[in-house]
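In the block that follows, a single chain appears as structure tokens, in the form predicted on its own.
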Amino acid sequence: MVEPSCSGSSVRFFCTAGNGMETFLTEEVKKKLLAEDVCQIPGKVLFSSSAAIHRVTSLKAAERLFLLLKKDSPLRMPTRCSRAEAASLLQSRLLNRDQWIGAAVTWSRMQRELLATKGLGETGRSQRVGGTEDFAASKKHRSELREPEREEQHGEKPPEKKRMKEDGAEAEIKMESNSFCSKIRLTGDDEASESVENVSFRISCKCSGSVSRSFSSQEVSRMMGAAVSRLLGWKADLKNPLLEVTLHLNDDYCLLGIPLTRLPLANRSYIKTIGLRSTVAWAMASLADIQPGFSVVDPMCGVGTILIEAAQEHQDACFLGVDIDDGQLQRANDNVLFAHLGKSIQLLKASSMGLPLLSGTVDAVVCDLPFGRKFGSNTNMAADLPLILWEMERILCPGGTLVVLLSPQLSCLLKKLLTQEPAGPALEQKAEPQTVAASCLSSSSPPDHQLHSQDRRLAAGLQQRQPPRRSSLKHQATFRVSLGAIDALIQKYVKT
């Protein structure tokens, strides 16, 4: 049962999503919010819901959340369009006094609801409830509304900037939010229309396609800002606006929205050290089909992002994170304690090529296979992948689910490993991994496993006892997602 909003009426929202995450977000809003009129476009999902706003701000697959002000067909600028003509066209297409005032009233009501939720002491939403603290903070806060910077490479991001948590700062922001809310009274449509005055605002525009060839984003923002000031009497303020409106113009649509949170939804308040992008980690966990009582293992857990995202939504399951690196395990332990998930998540130091677990005892395995410059060459992982895959398949029970994140090159290797015919003698099978790897990733020198002597002996023993057999993992789905500067593939398998 979805908790309804205070007003009980359906509201139109849209969320931004990373490339490839739109499908996950669409399914999430339908399942969690019982959303209607769901529309998926590249990088965004539009939907209507009457769910309480704190439920909407709990979406996991979204980057940022907006109150939809208007969606329209693409704006076609005439050839050699003058600035005055462009301004007139923008005003006629995008500015409707009643529509803008109604959106401001709805936005204000949602801010009060979120502030009330925070006052009740709800936990786990501090950064999203912090979004209710208004948009009138400093230029530093405004910059946090921009798209998350692209990662230079796959793997752990540098620590995010420390959020403002001092009591004095929170009180100041809350007072600013209440100041804005007091300017929009909800006693009736007519009175609300008259009471929306002295509101400072800023237009943030993103232009692409044909419009960008005629006018820059800054020019469109200035034209829209001037038109809004004339129409509503609001005051433009580029540094500390009380209200920010975003405008997306391209060859496919025009989209106007008001951000509902100061920080992106993807910024998790319960994660101390950031590793894999949280939205992608959540998507992987959602594909694992975790049920109450399940045992879930991440054999290369890193800082534990995937397990934490999974345990947040499946607290009746048991999770085990395995890693060979002491530093990563320490950071994972810090994250687990910070998220108060010590009863759900256990950590263990071991090699992913020799997991100390009984065969067929795990219900789901989720794994972010390291790749990219940060983790060395792809050739090393390609050489190790056969043993890692063998171990993950071994510990899975029949019907168990395997979800992996890997590069397209490693995906090529994985596909060949799963479809190759059973080998003959043990020595012949032992040489097979390097042969398969070479067919996917060209290398001028033999791969270096970079293992400790104990791990080398364990890996050699595992190779020698592998039975000649065909893999029992059956491919279910593949999703291409963006990790910033690079793309990766999420693949799901089921053990038959």
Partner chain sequence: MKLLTHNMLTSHVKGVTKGYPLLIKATEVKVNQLDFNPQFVSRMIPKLEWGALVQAAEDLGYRQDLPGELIADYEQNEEFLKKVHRVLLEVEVMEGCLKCPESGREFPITKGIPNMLLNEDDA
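Positions refer to the first chain, counted from 1. Keep in mind the model is a prediction, meaning the values are calculated, not measured.
Quick note: we don't show the form predicted in complex with its partner chain, though the next part is all about it.
K.L.:
State yes or no: in the predicted bound form, is some non-hydrogen atom of Pro292 no more than 4.5 angstroms from a non-hydrogen atom of its partner chain?
P.N.:
Although its partner chain is absent here, Pro292 would touch it in the predicted bound form, with heavy atoms inside 4.5 Å.
K.L.:
Should Leu355 be counted as a contact of its partner chain in the predicted bound form, where contact means heavy atoms within 4.5 Å?
P.N.:
Contact with its partner chain, yes.
K.L.:
Could you tell me if Asp363 has a non-hydrogen atom within 4.5 Å of its partner chain in the predicted bound form?
P.N.:
Asp363: contacts its partner chain in the predicted bound form.
K.L.:
So in the predicted bound form, does Leu389 come within 4.5 Å of its partner chain, heavy atom to heavy atom?
P.N.:
Result no; Leu389 lies far from its partner chain in the predicted bound form.
K.L.:
Heavy atoms, 4.5 Å, its partner chain in the predicted bound form: which of 345-353, 200-208, 254-262, 398-406 makes the cut? Say which one.
P.N.:
That would be 345-353.
K.L.:
Within 4.5 Å of its partner chain in the predicted bound form - does that hold for a heavy atom of every one of Val45, Ser48 and Ala103?
P.N.:
So, no: the whole triplet misses its partner chain.
K.L.:
Consider the chain as shown here, without its partner, and state which of Leu75, Leu247, Ile324, Leu232 has a heavy atom within 4.5 Å of its partner chain in the predicted bound form.
P.N.:
Answer to the contact question: Ile324.
K.L.:
Check each of Cys412, Ala86, Leu320, Leu418 and return the one that places a heavy atom within 4.5 angstroms of its partner chain in the predicted bound form.
P.N.:
In short, Leu320.
K.L.:
Scan 298-316 and note down the residues that get a heavy atom within 4.5 Å of its partner chain in the predicted bound form; none is a fine answer too.
P.N.:
Read in sequence order, the lone residue that approaches its partner chain (within 4.5 Å, in the predicted bound form) is Asp316.
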